[in-house]
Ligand code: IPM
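The form predicted alone is given below as one chain in structure tokens.
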């Protein structure tokens, strides 16, 4: 049965890399149907919502959403990206954010040997709770007595289900990261649910680290980690760190999924990159690997493996954009991946 993909390039860099990711998917021969939607700065600059109700309903009904980036300095409202991405994540209950970090060539890592060898880890980030839910407010705004409150929301249900996803995705080792020594209320709930989850999964080697210690250990030796499960804010920060360890934001994919409903939104981590967008030099690898995660989620594992293998081959051959040491344009770098798919 043909799978329907909602394609949402979004803004700036997204407009460049998502078409290339679609070209790579097409080159695999998969029977997917793509429908593109305009979301982001363009409608806002016309005085329209960043994402219309009709668009939200349409993309929500697709088998998967392939998303580019959101954010444009021409739009003065810096909150409009949240109206798009956070709405999709929250209303579709995409509570699992998966951020893998794999090192495809040793030259990409800033770490010295031997610690950088064999980096292959996954961060499982809670995606619908924590500090990003927007609870709180600013009072006495504009005065010297202003108070800003940002609340960290954690629920028994939400913490339990993301921990369970961490256990399901780990083969041997799982590390839970929090800051329960300083955040005793939220951290206390995470610790209690962690103890319950560990008792239900005695087959795995488990470990707990505070987030500052986890950051230090990731830099010291990232190969010690297989799967890290953590909350929204800490997962966001640590996954950017792990991206830097394997070559930078240009190679970082991510998936936002609900394993029960099978809904999923797939987006490269690099954002709209206004500093380099429009020059034909944005790295398409993050978007291609993201598309591979989508393909795997949709049940086409063999095609996903072929896509990742083609990316690895192109990187190792130096057929990539300049941020990875190559000299190719965005389109040429995608062509290098497609060429390996067709070999």
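Positions refer to the first chain, counted from 1. Just so we're clear, the structure is a prediction, and the values are computed from it rather than from any experiment.
The discussion below concerns the form predicted in complex with 3-isopropylmalic acid, not included here.
Engineer: With heavy atoms only and a cut-off of 4.5 Å, decide whether residue 236 touches 3-isopropylmalic acid in the predicted complex.
Structural biologist: Yes, residue 236 sits close enough to 3-isopropylmalic acid in the predicted complex that at least one of its heavy atoms falls within 4.5 Å.
Engineer: Check whether residue 82 has any heavy atom within 4.5 Å of a heavy atom of 3-isopropylmalic acid in the predicted complex, and answer yes or no.
Structural biologist: Yes.
Engineer: Any chance residue 89 has a heavy atom within 4.5 Å of 3-isopropylmalic acid in the predicted complex?
Structural biologist: Yes, residue 89 lies within 4.5 Å of 3-isopropylmalic acid in the predicted complex.
Engineer: I'd like to know if residue 132 sits close to 3-isopropylmalic acid in the predicted complex, meaning any non-hydrogen atom pair within 4.5 angstroms.
Structural biologist: Close contact exists here: in the predicted complex, residue 132 approaches 3-isopropylmalic acid to within 4.5 Å, heavy atoms only.
Engineer: Which one of these stretches, 124-132, 159-167, 209-217, 146-154, sits within 4.5 Å of 3-isopropylmalic acid in the predicted complex when only heavy atoms are counted?
Structural biologist: The contacting stretch here is 124-132.
Engineer: At 4.5 Å, heavy atom to heavy atom, what parts of 91-112 sit next to 3-isopropylmalic acid in the predicted complex? List them in sequence order, or say none.
Structural biologist: Only a single residue, 99, comes within 4.5 Å of the partner.
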